[in-house]
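Below, in structure tokens: the form predicted alone, a single chain.
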Amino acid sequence: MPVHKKIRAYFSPEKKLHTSLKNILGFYPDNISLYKLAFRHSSAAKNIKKGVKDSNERLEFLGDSVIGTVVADYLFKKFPYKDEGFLTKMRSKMVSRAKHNQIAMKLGLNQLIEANNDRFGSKPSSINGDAYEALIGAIYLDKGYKFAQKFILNRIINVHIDMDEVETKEVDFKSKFIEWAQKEKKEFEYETVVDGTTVPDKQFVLNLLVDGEIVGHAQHLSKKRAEQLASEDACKKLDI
């Protein structure tokens, strides 16, 4: 660690944030303003231009893309003989909203988030995961892709993700879809097209509708399993 970075952090008006980030991330930021922005939820942000707020939403968008790219590259190399379907499911588990929330809590990012709880009553369930994605966006802009990639591999995947558990654990796509629908305030319905109890092949055929439009379709001998498969189909189409 260059001495000048430590000295600059010590005399910075943001000394406390510098120190917290050094403890969490293992390095001192160069552009501390990026990291301040990464932890500012939209509820605590101000309008700066034509409805655009100085919140972490743009960094969140960027960080989500960086994480997805790093994870895809990691899985492609780790599983050279697995097909696209397997890799897609593994990536979905590793970059899920629940996983990002979990990682954020393990890193202690919840202690750094700036939010106005009065704006929405209580903190939304995704606020910690959003801050984690925004943080990765900040690291990418501050240090570059290679540095961000190394950070994700060495300090996130190798430390906080159990790959054996990820590989064997099934994703609850129905819960994932419902969480998204509630967050986005969308009306949804699992429509039974064919009732398996009334047909010879016993197959349930379901559509999943959002605001009246079909976004998922599936069939299975089990109605519950058909709902899971329709939810998985919807999650892929809606990029949830």
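When you see a residue number, it is the position in the sequence shown, counting from 1. In this text the structure is predicted, and so the values were computed from the model without any measurement.
From this point on, the text means the form predicted together with another copy of the chain, which you will not see here.
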Another copy of the chain isn't shown here, but in the predicted bound form which of Val171, Ile178, Ile214, Ala44 has a heavy atom within 4.5 Å of it?
Ile214
Looking at Ala115, Val95, Met163, Ala72 here, can you tell me which has any non-hydrogen atom within 4.5 angstroms of another copy of the chain in the predicted bound form?
Ala72
Closest heavy atom of Tyr140 to another copy of the chain in the predicted bound form, within 4.5 Å or not?
yes
Given that the partner is absent here, does Lys77 sit within 4.5 Å of another copy of the chain in the predicted bound form, heavy atoms only?
yes
In the predicted bound form, Lys82 touching another copy of the chain (heavy atom, 4.5 Å)
yes
Ile48 within 4.5 Å of another copy of the chain in the predicted bound form, heavy atoms:
yes
Does another copy of the chain, in the predicted bound form, lie within 4.5 angstroms of each residue among Thr192, Asp195 and Val199, using heavy atoms as the measure?
no
Looking at another copy of the chain in the predicted bound form, which residues in 88 to 102 have at least one heavy atom within 4.5 Å of it?
Thr88, Arg91
